[in-house]
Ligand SMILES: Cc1cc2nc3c(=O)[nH]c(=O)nc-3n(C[C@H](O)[C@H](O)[C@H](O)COP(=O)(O)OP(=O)(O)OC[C@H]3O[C@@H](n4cnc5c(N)ncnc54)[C@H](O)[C@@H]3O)c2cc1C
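Below you'll find only one chain, the form predicted on its own, shown as structure tokens.
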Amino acid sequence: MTEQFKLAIIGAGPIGLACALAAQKAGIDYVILEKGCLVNSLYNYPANMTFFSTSERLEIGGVPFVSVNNKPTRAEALEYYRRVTVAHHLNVRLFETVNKIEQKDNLFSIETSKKHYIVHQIIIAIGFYDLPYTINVPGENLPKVTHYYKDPHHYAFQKVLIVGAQNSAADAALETWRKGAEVTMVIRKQEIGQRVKYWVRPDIVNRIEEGSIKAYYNSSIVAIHPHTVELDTPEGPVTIENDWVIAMTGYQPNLGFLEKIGIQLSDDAQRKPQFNPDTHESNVKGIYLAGVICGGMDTHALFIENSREHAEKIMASIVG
């Protein structure tokens, strides 16, 4: 089947939904294409995660986000964006992967896992939570290794190794330890990350200093085995007994997706895609970029709160 729309929005995260709200307000017919569930990146966050931002900074489309806490939780955010989608009858197609985009006679042909679309413009608002950084060691593909952390109860009374020193690693270490896990952290640098939430960092540092959580600083994993893990530490090789490895090594944007459709990336380490900052139109006329993907590999530069304005800039360009 083939459907036609003025605009296709790829990605049903908060910024993709914000673009849909702006399109709806401008009277532009659109469709949102999402390969996972609604706000898929947020869904993959840890179950007990608390946002650093306040709820009003996560609002989109002028829809109030009311939270019972000063800092909203993952569960509250999922419910908020679901209610926004329902209240505004947003045209979103979930679990529909975009496989191919081609430009034909000033139009775009989009082939997905379910349908074929013809559109005039495209907004790419994909996040960066689907491609984890691998640690590239033997045994990384064992079933005991995961790059996503959900709920601490799963790890109760188990020997857990946490890889990383940022927010996700600190949360996983503290939560699993409080459920009775024997927790060890492997940290490449000499300290817990400075970007860790200000109410979490003292907690994890104190637990390490008192010996409740073991931390190997300036260290790395050499190999992962079914029941042990080999480490390279400043004191020499160390082998520890282990049941689970939670690799909180971060995630990267799917820049290959952009390159396939002709969007140019910078030659430096940031690999920032080319776009006009005033309109967010890329070097491919008719294709716009919104959200964290605009930062390339610099995934700490853009968040929901400072990307919401992208929707208005893009819509002003499309309408103009």
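Start at 1 with the first residue shown and count on from there. As the structure is a computational prediction, the values presented were derived from the model and not from experiment.
Heads up, the form predicted together with the named molecule isn't pictured, but that's what we're talking about next.
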ask   = Is every one of Glu59, Ala170 and Val196 in contact with the named molecule in the predicted complex, taking contact as a heavy atom within 4.5 Å?
value = no
message = Since only the chain is shown here, I'm wondering whether Ala181 would be in contact with the named molecule in the predicted complex (any heavy atom pair within 4.5 Å).
response = no
inquiry  = Please determine whether Glu140 contacts the named molecule in the predicted complex, using a 4.5 Å cut-off between heavy atoms.
reply    = no
task = Using the partner position in the predicted complex, report whether Tyr129 sits within 4.5 Å of the named molecule, counting heavy atoms only.
result = yes
ask   = Going by a heavy atom distance of 4.5 Å, is Thr239 a contact of the named molecule in the predicted complex?
value = no
request  = Could you work out which of Leu42, Ile287, Val31, Leu258 is the residue within 4.5 angstroms of the named molecule in the predicted complex, going by heavy atoms?
outcome  = Leu42
request  = Answer with one of Asn69, Ser53, Gln264, Gln270: the residue that has a non-hydrogen atom within 4.5 Å of the named molecule in the predicted complex.
outcome  = Ser53
note = Testing 23-31, 273-281, 290-298, 61-69 against the named molecule in the predicted complex with a 4.5 Å heavy atom criterion leaves exactly one stretch, namely 290-298
remark   = Near the named molecule in the predicted complex, with a heavy atom at 4.5 Å or closer, the residues from 1-25 are Ile10, Gly11, Ala12, Gly13, Pro14, Ile15, Gly16
